[in-house]
Every structure is written in C-alpha cells, then in structure tokens.
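The chain below stands alone and is given as structure tokens, in the form predicted alone.
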Amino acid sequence: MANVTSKTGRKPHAKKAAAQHGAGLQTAFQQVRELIVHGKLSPGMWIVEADLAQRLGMSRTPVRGALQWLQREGYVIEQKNVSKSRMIVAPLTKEDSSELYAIVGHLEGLAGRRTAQLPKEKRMEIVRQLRKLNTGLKSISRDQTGRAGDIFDLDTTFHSTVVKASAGPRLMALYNAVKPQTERYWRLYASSIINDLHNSVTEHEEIIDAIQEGDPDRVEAALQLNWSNGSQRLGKVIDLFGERGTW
C-alpha cells in the first residue's frame, strides 16, 4: 500500500506531530511565563530544565523551546561562566524597568493616537469606560482602602481599554508580549507604589480628556508621560528596597 502524503509532501502523521509540538510549545511558554510573572519562579532563580518539565508534567522538548522563546522576550537570560552556561529568571532592575516602561509607553502612545481618531460616538463610549475605571482608582486612593490586586486590575483594564479600542494585530501582538513584564514589578513593589496612586489618577484624567477632545498628539504625550512618571516612581521604590535577583 502506498504511503499517503499531503499536497505539501508531508505525511499526515508528521503534520499531526508538528501541530501537537506547536501546541505543546505554546502551552509550555504560557505556563512558564505565568510562573515568572506571578513570582513563583523568582528573579535571579536558576532554571533547571528537567525540574521545570517535571513540575509542568511535560517532556523537556517543549520546555526547552519555551525557555528559548522566553529568552527572546526578556523573561529569562543566559548566564555564562568559564565552564558552563545556565538559564536564570531575569532580575528586576532599575535599568530594565526604565527601558520596559518606555517601550510600553510608546506602544500605548501609538494605540492612543488611533483611539483619539475614532468617531466621536465611539470615543465617548471609551471615555465613559475609562472614567468609571479611574473613579474606582480615585476612591481607593482617597479612602486608602482596597487590595493591591484591585488596583492592578483597574489600572491594567484602564490601559488595555485604550489599546484594544484601536490597535491592529501587529501592535496588539507587540503589546501583549511586553506588557506582562510590567506585572512582575507591580507584584513585588505594589505595596509601596500605591502610595502615589493619586498621581496616576491625575495622569489618567489627562488621558481621558485628550481622548474626549480627539487630540492624537495630546493622548500620545499623556500616555507616555504616565509611563515615564510611573518609571520614576518605581525607581524610587527600587532604590529604597533594592533590585531583585541581582545579588
């Protein structure tokens, strides 16, 4: 009986195996990234591939591929010495946070420009959503109540609302790749960052007003300023409590 091949010349079982490998790699990437973002793999931690594969209940092949993917996106780094190299979870540093916040600020700025150019009716709906979210943040700031997780959810939803309103697939892909890295900083330093929440609320109000007016330049500048100021606020906290994963 002749071997069955597809039009591309690949046997059906080979295509199935490739699809399964791709799905396994995607799953491994998402699970390892979640462990890193949530601090379950802490900054500076040495990653042992076999132990990680066992923890995830996977073979080492997709885990190895996931680590290479995570390295390209900056979640893990390769540390070399004379005799060997090893993967470690990327440390949380003032230099890294400054670069990261600048990148996210520029990506959001690009999306914000597009959002400001939407039809007025659509902009007003977005403005209503943003004002509601910012009112929640303002209440927490005023009353000094609420969990760090509540603040994170409100702030993240505020920014993603601006981006999702207008970002195309390429911009969205870049944003989704970089934005989760800011969560690592938030989770470790949140208890101190929230003391300056009122400043972020004020900066959000400028973003909202600029979208309402349909001013792309003003929206872009306001978003970049929010992230730039956020980086400075975070930097002060890092100076106080130290970098993580670098000692």
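Residue positions are given as counts along the sequence shown, with the first one as 1. For clarity, a rigid core is taken as the largest C-alpha set superposing within 1.5 Å between two forms. Since the model is a prediction, treat every value here as computed from it, not as a measurement.
The same protein has a further form, the form predicted in complex with a further copy of the same chain, not shown here; the description that follows concerns it.
**Student:** Which one of these stretches, 151 to 159, 71 to 79, 129 to 137, 115 to 123, sits within 4.5 Å of a further copy of the same chain in the predicted complex when only heavy atoms are counted?
**Tutor:** After filtering at 4.5 Å, what remains is 71 to 79.
**Student:** Quick check on Ser59: any heavy atom within 4.5 Å of a further copy of the same chain in the predicted complex?
**Tutor:** The answer is no: Ser59 has no heavy atom within 4.5 Å of a further copy of the same chain.
**Student:** Would you classify His106 as touching a further copy of the same chain in the predicted complex, given a 4.5 Å non-hydrogen atom cut-off?
**Tutor:** Yes, contact at 4.5 Å.
**Student:** How about Gly65: is it within 4.5 Å of a further copy of the same chain in the predicted complex, going by heavy atoms?
**Tutor:** Looking in the predicted complex, residue contacts with a further copy of the same chain include Gly65, since a heavy atom lies within 4.5 Å.
**Student:** Report yes if any heavy atom of Ser200 sits within 4.5 Å of a heavy atom of a further copy of the same chain in the predicted complex; otherwise report no.
**Tutor:** Outside the cut-off, so no.
**Student:** Taking a further copy of the same chain in the predicted complex, which residues along 213 to 234 bring a heavy atom to within 4.5 Å of it?
**Tutor:** Contacting residues: Glu220, Gln224.
**Student:** Does Arg218 shift between the shown form and the other one by 2 angstroms or more at the C-alpha, the core having been superposed?
**Tutor:** The answer is no; the displacement is under 2 Å.
**Student:** Inspect the rigid-core superposition and answer whether the C-alpha of Ala66 shifts by 2 angstroms or more between the shown form and the other one.
**Tutor:** The answer is yes, as the C-alpha of Ala66 shifts between the shown form and the other one by 2 Å or more after core alignment.
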